[in-house]
Ligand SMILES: C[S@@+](CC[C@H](N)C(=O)[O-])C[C@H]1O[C@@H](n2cnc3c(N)ncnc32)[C@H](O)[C@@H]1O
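Here's a solo chain for you in structure tokens, the form predicted on its own.
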Amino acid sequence: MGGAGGASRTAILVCQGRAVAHGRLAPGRFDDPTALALLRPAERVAVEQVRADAVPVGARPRMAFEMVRACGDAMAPRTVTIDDAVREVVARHGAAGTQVVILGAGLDGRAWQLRELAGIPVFEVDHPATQREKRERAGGLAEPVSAPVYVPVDFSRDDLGDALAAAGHRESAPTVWIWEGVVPYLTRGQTLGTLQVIAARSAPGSRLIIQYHSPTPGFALGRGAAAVLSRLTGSENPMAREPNRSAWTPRAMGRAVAAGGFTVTRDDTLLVLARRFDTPARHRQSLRGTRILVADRPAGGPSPG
């Protein structure tokens, strides 16, 4: 997500969460050395405080500390699950027969640090302003494993399918679609419209990975509490400019992806995943309300079109 002002606040928060988790949470499973390098100096302060467990004094810095720490708790199981799902497809089809599309890429670092992406086209789709800032921030990173193909798309006026085709995305090759941290900020109509494009451009053997929110009371209460605390402390609420616009039950999301020819293979809450990877679960309601779905288009299924 992003806009004319550059990288969104939530994209920065997610990057801060990855930086917090790097080398600390899910050791041996989670590692993202790009995250801290993609942050500005001021954005690193809360990260360094959380990593050192140095709780700051004052309401505003304490709120920033808690939000970054909570995001770190979520990012480890979320990222490990998604990356494992990507690796499975690469192992199945090989690098020569796979491509990856990251929808709403933000400050994603996979093209630099996920070694399984070597030789695989990686298309990063996001708002043009977000991508300009991403490219500036990525200037100090080491050479990527797979140089990302930037696909600037303003969803209010651009056609995603046309943009991907112009960038070199092939309908004939299996695609791994990573749709992370975007669906909650879209209306149901926008989500269904994007799923139609995905379905049309997914060859047999493709995989769709979606992170979405389910309509749990605890999750809504958590966002409401963040808004109240922001007003009380006079600090910016990072969710204010990107409010939740849709929540999906697993059944509804399953029907939506099935309409595009995908079969759900798993759909877990972050709370289940956190327990699986033995990572912190301090904010159980938020983790319970966030889900990751993995769905496949059968290799023997019909071609898109």
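Numbering starts at 1 and follows the sequence shown. Given the structure is predicted, the values throughout are model-derived calculations rather than measurements.
One more form of this protein should be noted, the form predicted together with the ligand, which is absent from this view; the next part is about it.
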{"query": "Stretch in contact in the predicted complex with the ligand, which is absent here, among 183-191, 86-94, 202-210, 166-174 (heavy atoms within 4.5 Å)", "finding": "183-191"}
{"query": "Complete contact of T81, T269 and L273 with the ligand in the predicted complex (any heavy atom, 4.5 Å)", "finding": "no"}
{"query": "4.5 angstroms heavy atom contact with the ligand in the predicted complex for T130", "finding": "yes"}
{"query": "Heavy atom of Y150 within 4.5 Å of the ligand in the predicted complex", "finding": "no"}
{"query": "Contact flag, R291 vs the ligand in the predicted complex, heavy atom cut 4.5 Å", "finding": "no"}
{"query": "Partner proximity in the predicted complex: D154 to the ligand, non-hydrogen atom cutoff 4.5 Å", "finding": "yes"}
{"query": "Residue among A295, A11, V20, L287 with a heavy atom within 4.5 Å of the ligand in the predicted complex", "finding": "A11"}
